[in-house]
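A lone chain, given as structure tokens: the form predicted on its own.
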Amino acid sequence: MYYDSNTGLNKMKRYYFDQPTTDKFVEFLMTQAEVIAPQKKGDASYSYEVVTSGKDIVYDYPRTIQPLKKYFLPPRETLLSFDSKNNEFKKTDIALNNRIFFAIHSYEMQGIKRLDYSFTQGNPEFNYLQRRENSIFIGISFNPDKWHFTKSVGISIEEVERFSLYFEPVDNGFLVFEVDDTGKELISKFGNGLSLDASMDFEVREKEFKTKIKYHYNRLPQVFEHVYNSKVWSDIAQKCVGCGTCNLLCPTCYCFDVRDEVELEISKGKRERFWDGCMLNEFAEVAGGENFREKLSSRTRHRLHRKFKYITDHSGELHCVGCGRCTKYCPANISIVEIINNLIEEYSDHQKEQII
């Protein structure tokens, strides 16, 4: 019997849900709040969408295309409308709906945790934090594919932090673990004569990751202290097309641009913000046409330093969660793990030379 020491699943109350019970539980959740869960999109992709039928939920999926952040930081939103003629403006109201995010992977939850950190530092980001209110998260285990590397950044598959319930697939159903008081309350309300199946033997088998970073994640900030001038950056730039997909699909990237769109009559308009990213050519461009990161090599360097060094120095956590989206959806087949491992090799060789 295997237990991941980071989860403590063996210490939590657990229930057995067969598939019919799971379907009834989803129906129950839909009476409590708006339910959002992974669903099929096209032939081979998945997306977090509002659940209208429990039959649409996919429990065994690798990852969604867009991260969960789209529900808290929308790809495009109107911040306010204005009327310059009357010198008036009105902020856009933020809906405060109760929402339950169901069948969420651990790296996705950890991505939200890192966004929480980013948006509570300095001047708290009102719109994001408003949308974070009244949100419940229910986790589920997953089988890593060739793009996942969550373990290499310190996030286990069974990491239950910030979940209220956690689903572990077993034969013909799930073991459901109570993680916090909210989860306990949901189980209690669901009821239906459920009894705690404390005697049921279960095994959480360690799942093998096909993709791994060569160093322990605690050493990565140290590596990034010494690779600012690495040739790896220019090597990657030879392949990169600067599309920004890696930024826009990253669970922890949060940069945005703000623009005023004026109507034809000129006096009225709206202020919008939309996702932006440091890999896009105009991101670091300022008035006069000066671009502080004009080269793809410097933009790649900046992106990875943000994940493994700059924010980590303040938060104490890596801001890459190992979901693998940036690699899987990169049109140039650039692997973030390969970049890091190449940097590690260069750093290791340099350290050996220093000793000699």
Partner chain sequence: MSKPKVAFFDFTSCEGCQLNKLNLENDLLSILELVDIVEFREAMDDKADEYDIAFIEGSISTPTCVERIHDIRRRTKILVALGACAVNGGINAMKNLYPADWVKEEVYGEDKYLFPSIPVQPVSALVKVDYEIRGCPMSTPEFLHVLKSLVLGRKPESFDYAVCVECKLKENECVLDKGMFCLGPISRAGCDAICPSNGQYCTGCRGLVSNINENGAVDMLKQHGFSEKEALNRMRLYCANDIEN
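Positions refer to the first chain, counted from 1. Note that this is a predicted model, so its numbers are computed, not measured.
There is also a form predicted in complex with its partner chain; it is not shown, and the following applies to it.
Its partner chain is not drawn, but in the predicted complex it has a heavy atom within 4.5 Å of residue 281. Looking at residue 315, you'd find every heavy atom of it more than 4.5 angstroms from its partner chain in the predicted complex. Put simply, residue 61 is far from its partner chain in the predicted complex: not one heavy atom of it is within 4.5 Å. Although the partner is absent here, residue 172 is not a contact residue: none of its heavy atoms lies within 4.5 angstroms of its partner chain in the predicted complex.
Residue 238 is the only one of 218, 188, 238, 98 with a heavy atom lying within 4.5 Å of its partner chain in the predicted complex. Residues of just one listed stretch (133-141, 99-107, 256-264, 176-184) have heavy atoms within 4.5 Å of its partner chain in the predicted complex: 256-264.
Applying a 4.5 Å heavy atom cutoff to its partner chain in the predicted complex picks out 328, 329, 331, 332, 333 from 318-335, in order along the sequence.
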